[in-house]
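Have a look below at one chain only, the form predicted alone, in structure tokens format.
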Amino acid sequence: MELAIKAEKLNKSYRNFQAVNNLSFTVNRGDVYGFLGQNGAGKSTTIRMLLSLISPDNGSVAYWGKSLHDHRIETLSGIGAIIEKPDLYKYLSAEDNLRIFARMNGMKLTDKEVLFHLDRVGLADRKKSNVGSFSQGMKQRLGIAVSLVHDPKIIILDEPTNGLDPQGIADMRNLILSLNKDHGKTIVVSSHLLNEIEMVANRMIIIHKGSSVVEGKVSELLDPAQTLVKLNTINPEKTSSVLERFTAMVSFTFAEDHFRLIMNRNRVPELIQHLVSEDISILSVQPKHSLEDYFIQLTQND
């Protein structure tokens, strides 16, 4: 699988606040990659580093195998993005906005091209309407049309459903899926809403306090058969060594004073038996129902 984006050991601090902490992840060609975390988890800071709007304290970003630091103009020319709300000219029409932003990219759009871009985001019938008359959802869709005028391979969307009504959220969801499936775009979409990520993404990462908690295929991470198990033992170093040899897991991490395991709920008795056989002193084993429970737990944990 060809790597579209590779982020390695990104760190970013603001005075005494660590916004992003040793964060690594990969986005494959053709992914809709969900970037999930509660508000303040470090999503926007990471995306700004991906777009070279801010520089990491250390770590690296590469697009298609080329360093963003060493090939900034070349790599960014293949990316379209919306950070927060799109900045549009509200007294101008949709088509005029599109033409202006195209000229900023050194392009002159034909009438056919304008119609194509607006039709792709469901706004062809409103091309003559002033943007000031648009709903927030329509402005978001026009913003995406603007970000696509230079035909980027990668689209990065930061909380694209924020402030939208239910219809606007559904429209945005369908647009993301269409851009991916019908137009072959690789998309990174950040959100604090698990259900939105579940409906559009094929791969995802959950970050908390600037660090990765879990990354993988959505179909596996959100499989009802996959359960979060919170494990507390007296001897964590030995436990970690034992868990590395226990194959009935998707992943495990250690946070604060306990292990977090993602595994099949039916294998929990086998896990306990295995730990006991290895002389691990177990203090508690707490299975949760799903990754959604896990995410809720994270978002409520300050």
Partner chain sequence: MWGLLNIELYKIAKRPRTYIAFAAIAAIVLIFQFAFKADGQSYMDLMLQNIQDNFELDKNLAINGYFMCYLILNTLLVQVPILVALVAGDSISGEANMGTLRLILTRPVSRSELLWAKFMAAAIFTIVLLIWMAFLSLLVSTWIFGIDDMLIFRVKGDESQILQIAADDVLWRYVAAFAYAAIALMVIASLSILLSVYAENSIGPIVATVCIVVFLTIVSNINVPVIDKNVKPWLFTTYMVGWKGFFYIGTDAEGMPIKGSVENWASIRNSITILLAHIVLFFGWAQFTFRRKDILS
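Positions refer to the first chain, counted from 1. Quick caveat: nothing in here was measured; it's all calculated off a predicted structure. Each form is matched to the other, and the largest set of C-alpha atoms that superpose within 1.5 Å is called the rigid core.
Another form, the form predicted together with its partner chain, is not on view; read the next lines as being about it.
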Using heavy atoms only and a 4.5 Å cut-off, determine which of Ser219, Asn105, Gln167, Ser133 is in contact with its partner chain in the predicted bound form. Asn105
Going by heavy atom distances of 4.5 angstroms or less, which of Glu198, Glu113, Asp96, Asp119 would be at the interface with its partner chain in the predicted bound form? Asp96
Counting only non-hydrogen atoms, which stretch in 187 to 195, 202 to 210, 171 to 179, 71 to 79 is within 4.5 Å of its partner chain in the predicted bound form? 71 to 79
In the predicted bound form, does every one of Ser55, Phe101 and Val146 come within 4.5 Å of its partner chain, counting any heavy atom? yes
Touches its partner chain in the predicted bound form: Phe17 (any heavy atom, 4.5 Å): no
My question is simply whether Leu228 lines the interface with its partner chain in the predicted bound form - judged by any non-hydrogen atom within 4.5 Å. no
Contact flag, Lys90 vs its partner chain in the predicted bound form, heavy atom cut 4.5 Å: yes
In the predicted bound form, is there a heavy atom of its partner chain that lies within 4.5 Å of any heavy atom of Leu51, even though the partner is absent here? yes
C-alpha of Arg72: shift of 2 angstroms or more between the shown form and the other one, rigid core aligned? no
For Ser190, is the C-alpha shift between the shown form and the other one 2 Å or more after core superposition? no
Superposing on the rigid core, is the CA of Ala201 displaced by 2 Å or more between the shown form and the other one? no
Are Lys181 and Arg120 closer or farther apart at their Cα atoms in the predicted bound form than shown, with the shift being 3 Å or more? farther
Direction of Cα pair change Glu74-Arg103 in the predicted bound form, magnitude 3 angstroms or more: closer
